[in-house]
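Starting off, we have a lone chain in the form predicted alone, written out as structure tokens.
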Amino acid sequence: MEKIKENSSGWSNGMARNITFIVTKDCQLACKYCYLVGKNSNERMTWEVAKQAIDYILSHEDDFKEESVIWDFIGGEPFLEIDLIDKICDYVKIEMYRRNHHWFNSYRFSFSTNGINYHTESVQNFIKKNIEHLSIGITIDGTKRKHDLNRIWKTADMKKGGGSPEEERGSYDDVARNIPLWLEQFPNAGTKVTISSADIPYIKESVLHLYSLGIHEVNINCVFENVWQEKDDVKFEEQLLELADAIIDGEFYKDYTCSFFNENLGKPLDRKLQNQNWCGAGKMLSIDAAGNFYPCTRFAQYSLRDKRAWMIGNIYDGIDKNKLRPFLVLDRCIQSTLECIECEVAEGCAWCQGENYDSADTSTIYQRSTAICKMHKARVRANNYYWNKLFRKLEFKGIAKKESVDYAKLSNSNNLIC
């Protein structure tokens, strides 16, 4: 099996257009922290809808001027619809070539999967066919204890397996068996770990466990929803301090990264960043099974607890630019309080645009949620400890000069992510 040669996390310098197909709202799992509150087994994309969406996008080249494109597939669990995805990708390649489209030589197919079906023949055949243009991330939350705390099988699937409805069956073993094959095919791939209130005590051991599995890049973030309990930030900081000691004392920083530690995190807000939004909502495009367009998947109805879906068009009428317009003016200042803007540790403090909308007092995208404020500040304190300790160690070894150490490896550029 040929190995992929490129780590896609920074592919095309992050300037590619992201187009997401919500191919199914079904999933084998019922993860407790999942923001997809409306998952179901009924809403699955048809080939006719997918084809019409592709035709619309490729025939409106002037509206999609980015030099590169990421064709993204999500669910639920996208690999439940691997036959449809295979057909979509074949059609995309043929049509980009036939139309002499400017994306033909600069595209990727991207997946975030729970990893359960990764080993199956249909998925492996798809990988072999497309590996030169493929990015796949498998979500594994860390140790079996942490992973199985949240990432559990659906009750219906447990019943089929003979378990009682009250029993929770974790999915760690079903995912971990596919990690070696995944890393053989995508050796530079990173995983995404999610932290919620219940699993804070397992952060350190989980990151180290993922390193032991051969995963070199661990992207890890706190959920943006308001799930945090009193003193969670204290426990969070304690875990990150212990993790910092483990990474530095064990010299994992030489070959491994963890996105919780970033050299640029926790500074006053750079004025150049005030006119930027944290995410690409409005600059992306998501399509659901009914052929509706959204500025981001988080604005589809199955992603929202309390608000109505925010559609910006559909495959029949195209994109309504007036409905898209509010997203094009989004920046930090327009949706942040003065306290957030002037915060001494503002840089690196993240948000999710869909969660902002869902948790706002009114149906606005201009009210920033601050549910993770204390968690961010705890992360900053631990991050300062990490870099102070690391620089002292490097200075002691006589390699503190910038030209003598690969800072790109020491400082992972990923911040909190959705």
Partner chain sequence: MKKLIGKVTEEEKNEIQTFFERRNGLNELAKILTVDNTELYEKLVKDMSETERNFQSWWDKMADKYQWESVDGGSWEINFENCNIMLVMPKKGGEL
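Positions refer to the first chain, counted from 1. Here the structure is a predicted model, which is why all the values come from computation and not from measurement.
The same protein also exists as the form predicted together with its partner chain; that form is not shown, yet it is the one meant from here on.
Remark: F252 does not count among the residues lining its partner chain in the predicted bound form, judged by a heavy atom distance of 4.5 Å or less.
Though the partner is left out of this view, R98 does reach within 4.5 Å of its partner chain in the predicted bound form, counting heavy atoms only.
Within 4.5 Å of any heavy atom of its partner chain in the predicted bound form lies no heavy atom of K192.
Under a 4.5 angstroms non-hydrogen atom cutoff, its partner chain in the predicted bound form has Y107 among its neighbouring residues.
Interface residue among I319, I131, L181, A176, judged by heavy atoms within 4.5 Å of its partner chain in the predicted bound form: I131. Proximity to its partner chain in the predicted bound form, taken as a non-hydrogen atom within 4.5 angstroms, holds for one residue of E347, D90, D148, E242, which is D90. Per the 4.5 Å heavy atom criterion, its partner chain in the predicted bound form is contacted by stretch 131-139, the sole one of 131-139, 194-202, 226-234, 70-78.
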